[in-house]
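Presented as C-alpha cells, the chain that follows is alone, the form predicted on its own.
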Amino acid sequence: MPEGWLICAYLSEIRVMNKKEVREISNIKNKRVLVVCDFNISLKDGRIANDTRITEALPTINFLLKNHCRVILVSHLGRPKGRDLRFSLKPVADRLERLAGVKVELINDFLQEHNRQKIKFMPENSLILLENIRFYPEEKANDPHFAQSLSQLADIFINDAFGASHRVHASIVGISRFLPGFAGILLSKEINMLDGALKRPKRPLIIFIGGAKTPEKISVIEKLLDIADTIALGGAIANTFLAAWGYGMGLSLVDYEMVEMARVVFWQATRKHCALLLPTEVVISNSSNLKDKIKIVGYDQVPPNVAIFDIGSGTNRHYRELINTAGTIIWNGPMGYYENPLFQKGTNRLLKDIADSKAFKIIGGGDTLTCLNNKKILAKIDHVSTGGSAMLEFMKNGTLPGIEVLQNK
C-alpha cells in the first residue's frame, strides 16, 4: 500500500466513521450481544465455496468472546420462500465453529420459548447462531413486533453486516428502535476503506463494474462519472451499453428496458472528465456447454444466433494497460458468465492483472468473492469488500440505511 494512502486511511477512520464502534463501548464486558453478520455465502452441493464473509466476521466475534460476552449471531442466506432447509445456516455454523475454535449452537427457531430460555441462560464466552433470519417473512417486512422479539434476546446489538446494510429489514434497521446499536469492526473497516478510496484516491482512479443487476449499476455509474477517471465495464451491464450504441447483441443477456438510460449516461460521460469504456472483444457461443463452439469476435460482430459469455483477450489487454497506469482500482462484479468454467478467463485475467498492479486495490461483490480461491492473489489485494449491492449503494450514496441507525459518538 502506498505510504500516502496509509495516512489517508487513518484520517478517514477519524473523520468518516462517526458511528460508535464495538471496541469503543466502555461497558461491553459480560454483556449479551446480538451481532448481525453477513454469512450469505455461496454454496455448491451444500458445501461452502468461499468463506471470506465468515472469516471477516471473526475480529468482532473474537473481541466479544475475549470480553466474556454471550454472543448471538444473526444472518440471512439466499432468498428462501419461508422455511426452506436448502438455505439452512448449518454449513456456516460448522465452518464458524472450526474457525473460531468455540462450539457454535444453531438455534432452529428463536421465537419458541424453550429456545429463548436457552439463549437467556447461555454461559459467557459462548456462541449461538440463529437459523436463517429470512425464514421469517417479518424480517424483510421490517415488522416492529418481530424486531422487538429479536431485540429481547440481548442488551445491545452490533451491525457487522456491511453486505446487508442496504436493506431496510428488521435485523438491520428495525431493531435499532429497541436496542442501542453500534458498528462492528468489519463494518467500520468497510466504511473507511471505501470512503477513503472514493474521496481521497491516489489518481488515476479506475473503476471496473461487471455482472448483471443493470438498473442499480447504471445509477451507480451515473454517480461515479463525477468521481472516477475511468469506468470500464464487462458482463451483462456492458451488453446493455453496447446495445445502447445500436450494436446487435444476439441472444446475450441485455436489459432492454435500460437501454435508453444507458444512452443518457453515455451523453453525460461526454461532458465529464471520466472516460466510460466498453469491451472491444467478446467471447461468444451458441451453447454454454460446448467448448468447440466458443469464438472471440469484435464487439460489433455478434451474430443473431449466439450470446456473449465473457470479455475477450483483446479487452483484457486494453484493461491491463489501464490497470498499469492506475493509482487506485475498485472492482465490483465478474466480467462474464463466471459460474461456467468455460467462461472464467476474462475475469481471472482481470483479477490477476489487478492483483499484480502497484495501485491501491479494492474488490468486492457477492459474485466477485466466488472468484477469490487463490490465496496468493488474495494476499495482494488491499481490501476485499464483503458487499455486493451494498458496496454499489455505498459508492452511490456514501452511506446505507443500516449505518444511519447506529449510535453516534
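Here the rigid core means the biggest group of C-alpha atoms that line up within 1.5 Å when the two forms are laid on top of each other. Note that residue numbering begins at 1 and tracks the sequence as displayed. This is a predicted model, so every value here is computed, not measured.
Below: the form predicted together with 3-phosphoglyceric acid (3PG), not depicted.
Stretch in contact, per heavy atom within 4.5 angstroms of 3-phosphoglyceric acid (3PG) in the predicted bound form, of 115 to 123, 272 to 280, 209 to 217, 102 to 110 | Looking at the partner contacts, the answer comes out as 209 to 217.
Contact at Lys295, Lys345 and Arg349 by 3-phosphoglyceric acid (3PG) in the predicted bound form, all three, heavy atom at most 4.5 Å | No, the whole trio is out of contact, none within 4.5 Å by any heavy atom.
Give a yes/no on whether Asn40 approaches 3-phosphoglyceric acid (3PG) to within 4.5 Å in the predicted bound form, heavy atoms considered.
-> Yes, Asn40 lies within 4.5 Å of 3-phosphoglyceric acid (3PG) in the predicted bound form.
Does Arg134 make contact with 3-phosphoglyceric acid (3PG) in the predicted bound form, using a 4.5 Å heavy atom cut-off?
-> Yes - in the predicted bound form, heavy atoms of Arg134 and 3-phosphoglyceric acid (3PG) come within 4.5 Å of each other.
Answer yes if any heavy atom of Arg53 is within 4.5 Å of a heavy atom of 3-phosphoglyceric acid (3PG) in the predicted bound form; otherwise answer no.
-> Contact with 3-phosphoglyceric acid (3PG), yes.
Is the gap between Arg167 and 3-phosphoglyceric acid (3PG) in the predicted bound form 4.5 Å or less for some heavy atom pair?
-> Although 3-phosphoglyceric acid (3PG) is absent here, Arg167 would touch it in the predicted bound form, with heavy atoms inside 4.5 Å.
Once the two forms are fit on the core, has Glu216 moved its CA by at least 2 Å between the shown form and the other one?
-> Shift at Glu216: 2 Å or more after core fit.
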